[in-house]
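The chain below stands alone and is given in structure tokens; this is the form predicted on its own.
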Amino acid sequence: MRILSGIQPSGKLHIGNYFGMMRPAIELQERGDAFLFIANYHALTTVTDSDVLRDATWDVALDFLACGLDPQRTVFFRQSDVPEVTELAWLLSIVTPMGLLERCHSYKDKIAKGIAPSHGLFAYPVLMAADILSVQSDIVPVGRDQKQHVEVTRDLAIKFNNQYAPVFKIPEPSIQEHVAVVPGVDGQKMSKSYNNHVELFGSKKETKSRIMRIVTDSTPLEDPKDPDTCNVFALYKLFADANEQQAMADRYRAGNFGYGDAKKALFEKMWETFAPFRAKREELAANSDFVESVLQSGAERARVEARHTLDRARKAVGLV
């Protein structure tokens, strides 16, 4: 079973990214033939500073390798290192109905948030379809908000296959129902857009400062508190085992336990959990040649698959 996943390099990754996408993506290498790419072409629709894009792309590579991605078991690459994908996107665009793209909610949502409309933003689902179909993916793990893009991919693959030749495998979405929704310091879903995030590899001082700003209610120190309605406890559960969670919940309910103490416990647990990842990241950052070799090797493996698919598609439409 071949599985494809990707992430945009749109800024420093945070713990919401880790629990929501990174850890599930790394776990894919246990489930099948995993492909994971850094979607820097896609990021161009929102990131307009070239230095920011370059730095963010490199940071994503370091973060994934530090957090346990095994390049021997996962084909890990930059999207821009597989140029076959962009040509395939054009071949798919010729069978893409305008109405199909006009119905995509992601474009409408981004425009509503103030992102300038562009062809790249509008045609984003076609490039995503090329990513998926280029390596003949069986499964595409996505959140519910991205399911529509996989449905678009299926529609385009079927339309192309019917109009020309059976070139593409029809992928299935794998909806990640049980992925944790990570609250930010203000209680909303953690997002860089809301500036409510806690960076995965931020400095110790900044990380602690962010955690100490988590919004809580005004229950007095001496009163019992409900852990199930507390943002601090919701984050603590992501890092703690069952016994540690129970012990913390008991302290909440017993009273004489302040939110400040809970935040300090959360910080210590998070800092301890990511300690080996920080050490690994520092080691990788000092060995940029190795990181680049991983990305180039992954791109070579991905290009073999993408080239085979593109050759078949080119022949089907009459370009060969």
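In this text, residue numbers run from 1 along the sequence as written. Every value quoted in this text rests on a predicted model; they were computed, and no experiment measured them. Rigid core: the largest C-alpha set superposing within 1.5 Å between the two forms.
There is another form of the same protein, the form predicted in complex with a small molecule; it is not shown, and what comes next is about it.
Undergrad: Which one, 270, 39, 28, 66, lies within 4.5 Å of the small molecule in the predicted complex by heavy atoms?
TA: It is 39.
Undergrad: Which listed residue (92, 214, 198, 128) meets the criterion of a heavy atom within 4.5 Å of the small molecule in the predicted complex?
TA: If I apply the 4.5 Å criterion carefully, the residue I get is 128.
Undergrad: Is residue 245 part of the interface with the small molecule in the predicted complex - any heavy atom within 4.5 Å?
TA: Answer no; every heavy atom of residue 245 is more than 4.5 Å from the small molecule in the predicted complex.
Undergrad: Answer for residue 121 alone: is it within 4.5 Å of the small molecule in the predicted complex, judged on heavy atom distances?
TA: Output for residue 121 is no: heavy atoms all beyond 4.5 Å of the small molecule.
Undergrad: Does the 4.5 Å heavy atom contact test between residue 313 and the small molecule in the predicted complex come out positive?
TA: No, residue 313 sits far enough from the small molecule in the predicted complex that none of its heavy atoms falls within 4.5 Å.
Undergrad: Against the small molecule in the predicted complex, would residue 132 count as a contact residue? Criterion: heavy atoms within 4.5 Å.
TA: Output for residue 132 is yes: heavy atoms within 4.5 Å of the small molecule.
Undergrad: Counting any heavy atom within 4.5 Å as contact, can you tell me which stretch out of 81-89, 203-211, 154-162, 136-144 lines the small molecule in the predicted complex?
TA: Correct option: 136-144.
Undergrad: On a core-based superposition, does residue 245 travel 2 Å or more at its Cα between this form and the one not shown?
TA: No, shifts by less than 2 Å.
Undergrad: Quick check: residue 106 between this form and the one not shown - does its CA shift reach 2 Å or more after fitting the rigid core?
TA: Shift of 2 Å or more: yes.
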